[in-house]
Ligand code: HEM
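Form predicted alone, single chain, as structure tokens, below.
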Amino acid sequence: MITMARFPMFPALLALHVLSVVAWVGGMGFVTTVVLPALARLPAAERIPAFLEIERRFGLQARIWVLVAGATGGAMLARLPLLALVGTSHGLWVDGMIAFWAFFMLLLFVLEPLFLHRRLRERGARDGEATRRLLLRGHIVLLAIAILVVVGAVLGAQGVG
């Protein structure tokens, strides 16, 4: 068992980790349940440009929160006896957090800047509504996975499962 005397930074790291996940996943939830549905009210040609402008503003915040979640999660993983759980049936919650974080690192720092935004602009110029619906479906899937990972992490950290 890790005691506070052996890991005095744990409460601060945990609080910052939870805050970063709340901001990251909460923002993703807002985009999924409010922004993307609201874009349907715009003319089709304006939907994807509007989404990209909103995403540009939130994207910077999301990148920061994903980096903070990774740094704090990595620091806790290094100090807590969790590494032994990685790759085991008892550590699926740890694996889920790491996999979800790694996917978003790839998405936010590699895929979006290199080609996803360009493809969205091109596809959106051809059919803004179909592109908005595709984005909405993708965001719904990502939000559902995020919720499963968060619930699994909370339960796993409490020894459930």
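Numbers follow the displayed sequence, beginning with 1. Everything quoted here is computed from the prediction, not taken from an experiment.
What follows is about the form predicted together with this ligand, which we do not show.
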Q) Heavy atoms within 4.5 Å of this ligand in the model of the complex: which stretch among 33-41, 99-107, 121-129, 49-57? A) 99-107
Q: State yes or no: in the model of the complex, is some non-hydrogen atom of G27 no more than 4.5 angstroms from a non-hydrogen atom of this ligand?
A: no
Q: Classify G74 as contacting or not contacting this ligand in the model of the complex by the rule of any non-hydrogen atom within 4.5 angstroms, answering yes or no.
A: yes
Q. Given that the partner is absent here, does L82 sit within 4.5 Å of this ligand in the model of the complex, heavy atoms only?
A. yes
Q) Does this ligand get within 4.5 angstroms of any non-hydrogen atom of A153 in the model of the complex? A) yes
Q: Between 125-142 and this ligand in the model of the complex, list the residues on our side with a heavy atom within 4.5 Å.
A: none
